[in-house]
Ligand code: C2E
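Here you get one chain, nothing else, as structure tokens; it is the form predicted on its own.
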């Protein structure tokens, strides 16, 4: 097999001959771009062979974190998955993780190390706390079967990676760009289903912001939201998303589906005292029942003026909207906020779901979150369900609802009803 070397960075292309011989399976792995980071040249060469043989479409290698960042910073070589050794000279894996988080890396990571399980576990937790997607961790030497199993889960992040490639260098929108986009239809939503753990039926969906225009292309939601907050346009953005969401809800209900829809609020929205009236007016215009709308507020940002937030959230609750504390467990003064604010739903952050099937500590925290929510009379929703094991564990722990790529990635509202029909036609045991 031939490769191209630039310094210590090695790129192993997949040749037409290899494809013809059947060495590369015609599946999702063939579309992946995987970056392997390790200071051992023998490990780089052997791992590249393993990845190419199992069907990975394009393999990149780097000898340390600095070289890896050079590939991440180039949209042409932006990886879908980074397999990273923890212990390396120069820039080690832990420092690389910090730099990737600062770049808002939207691909996935697999950790690799010859160190103790305790260190690997701590670094895995660091990846999650940095807001990045961890597929798993392995102890050297590499187990090809395990590696292939981990990589098979990376397909769920493809849409975010594609968006990151398009937008990572252009994530700051001006006020004028935001206004023009809001007027011209740059904002639209996708929806991700929420599944009842007890009945395995679709009981709702979360509306997710998407932004695309002819000038900037696709821009990741966090960049749009932060720009809107910075330019004082977050209310306009939220109301636009809310209108799209309740319009879709009305269509779902008209088609005979009794379900709800969730919409994210920025904490900045909670400073708008007439927000309840605005949302009620839009819901009425679109023919949607506010009692079927859940408004999600991120727990980690519920700081600042809690008096104003309490007033607005209280009036939203009186208006019939359900309130959800999103990303539960990732912020501060959590129990105090649950006591002060009128939430109906507690949404457990994916960080406590991922890996809980084989991590005793994560499973204990997950169980405690569910028990706490139920003790307070709240509906408990878990996000980040990616495997059948996650689903079964949450069912055994009594979680009320589940959401994640195991069931479906976000889709356009017009695709949702077709998906629901097909999902419900499956035997319950397969859902």
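In this text the structure is predicted, and so the values were computed from the model without any measurement. Residue numbers count along the first chain shown, from 1. Definition used throughout: the rigid core is the maximal C-alpha set that superposes within 1.5 Å between two forms.
The same protein also has a form predicted together with the named molecule, omitted here; what follows describes it.
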Q: Just give me the single entry in 296, 92, 235, 244 that has a non-hydrogen atom within 4.5 angstroms of the named molecule in the predicted bound form.
A: 296
Q. Given that the named molecule is left out here, which of 322, 350, 200, 257 has a heavy atom within 4.5 Å of it in the predicted bound form?
A. 350
Q) Can all three of 31, 77 and 217 be found with a heavy atom no more than 4.5 Å from the named molecule in the predicted bound form? A) no
Q.
Please determine whether residue 413 contacts the named molecule in the predicted bound form, using a 4.5 Å cut-off between heavy atoms.
A. no
Q. Is residue 113 a contact residue for the named molecule in the predicted bound form, using a 4.5 Å heavy atom cut-off?
A. no
Q) Is there any non-hydrogen atom of residue 209 lying within 4.5 Å of the named molecule in the predicted bound form? A) yes
Q. How about residue 133: is it within 4.5 Å of the named molecule in the predicted bound form, going by heavy atoms?
A. yes
Q.
Please pick out the stretch from 263 to 271, 276 to 284, 143 to 151, 84 to 92 that is in contact with the named molecule in the predicted bound form, where contact means heavy atoms within 4.5 Å.
A. 263 to 271
**Q.** Residues of stretch 403 to 419 in contact with the named molecule in the predicted bound form (4.5 Å, non-hydrogen atom)
**A.** 404, 405, 410
Q.
Using the rigid core as the reference frame, would you say residue 107 shifts its C-alpha by 2 Å or more between this form and the one not shown?
A. yes
Q: Work out whether the Cα atoms of residue 411 and residue 107 come closer together or move farther apart in the predicted bound form than they are in this form, the change being 3 angstroms or more.
A: farther
Q: Just say closer or farther for the C-alpha distance from residue 376 to residue 131 in the predicted bound form, relative to the shown form; it changes by 3 Å or more.
A: closer
